[in-house]
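Just the one chain here, laid out as structure tokens, in the form predicted alone.
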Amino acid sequence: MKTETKTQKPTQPQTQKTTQKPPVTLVTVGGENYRSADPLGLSRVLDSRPCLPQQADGIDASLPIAEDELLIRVESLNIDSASFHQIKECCESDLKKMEAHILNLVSTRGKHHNPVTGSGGMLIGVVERVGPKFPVNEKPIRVGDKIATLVSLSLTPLHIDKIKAITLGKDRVDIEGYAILFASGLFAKLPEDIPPTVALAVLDVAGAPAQTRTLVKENDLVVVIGGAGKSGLLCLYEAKRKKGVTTIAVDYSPQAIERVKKTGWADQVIQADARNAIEVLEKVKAVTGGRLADVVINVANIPETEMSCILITKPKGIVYFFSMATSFTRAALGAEGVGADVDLRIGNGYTQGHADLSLALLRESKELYTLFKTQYAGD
């Protein structure tokens, strides 16, 4: 197999905080040009400081792909809930403003990495090219496979040619464009028995129910802050699968409260503003007879909800912050300030087997599947 080298300059725009990188070294394999193998995508970082793509202010999303990368023709972005909420508020729910905002963000940073929330989301698309050194033995994949990426858009090289639609109630942006997955990146092949947009919505938050399965023990009292959202419903359903578990859902809007009540997965449903820690504490104590939670799961998409979670957790209990709106500083200093000896866990979007686990929950529960299909399938 003949290999040649030459250079090509990156073509994507860069941020003001980045510097021009040296020309890209290309290799020719089987008559096709590729960048040199780079499993962590370090050569795509445009910052002057050494850092990983997720930490970078800007990354190079230009083609060609590296020998060990995947090229994905993107169909939809599922924007992280905290990020989508912030963009929607910033743009006053104006779709044209949101479109311009997203296009500018991606063209400037080379990825969908919200500078306010620090989060991104995930995508679905069709594999268009597989680099000759991509680890297909460990991660079987071929051209034409439809996949969902299981790594954040905050580190995924992304180029948008056109935004086709923005769906406010689903945190979804349908686009024409491409993305690049590093050899170290994770993905899931989309199942044939679940609509792609439903699978996208579930896989985006797959880490939450997977962690719930690990954290919740029999006879625990579990409180889910933001219980009416997609991750909240999955967590409530998973928690109720454990023997003797009591579940409480906390959410804000009357519509959200009604949605949770209809499922029957919450033994108690509390309407409250999770930013008001005293209100939440009083309402939880009222429905539990003063008992505090063994496990609190925060999946709210707004900031400043940390203290509600901490105050309603018993000593030595667990607070699991899956929400990307969480501030580690507020949580750590807030717990210290009220003398709360609780175990603070920062949510990891990846847990081994989380994709299969979450999709299995949809297959197990007709009601859960119907909820997600009604909310996220189609337009």
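Here the structure is a predicted model, which means the values were calculated and not measured. From 1 onward, residues are counted along the sequence shown.
Same protein, other form: the form predicted together with a small molecule, not shown, and the subject of what follows.
Think of it this way: in the model of the complex, the small molecule has a heavy atom of just one of Pro209, Gly226, Gly125, Gly110 within 4.5 Å, and the residue is Gly226. Note on the partner interface in the model of the complex: the residue among Val342, Ile65, Ala325, Ala331 having a heavy atom within 4.5 angstroms of the small molecule is Ala325. Of the heavy atoms in Ala272, some are within 4.5 Å of the small molecule in the model of the complex. Taking the partner from the other structure, the small molecule in the model of the complex has no heavy atom within 4.5 Å of any heavy atom of Arg172. Using a 4.5 angstroms limit between non-hydrogen atoms, Leu181 is distant from the small molecule in the model of the complex. Under a 4.5 angstroms non-hydrogen atom cutoff, the small molecule in the model of the complex has Ser81 among its neighbouring residues. With the partner left out here, the small molecule still marks one of 135 to 143, 172 to 180, 249 to 257, 93 to 101 in the model of the complex; by a 4.5 Å heavy atom cut-off that stretch is 249 to 257.
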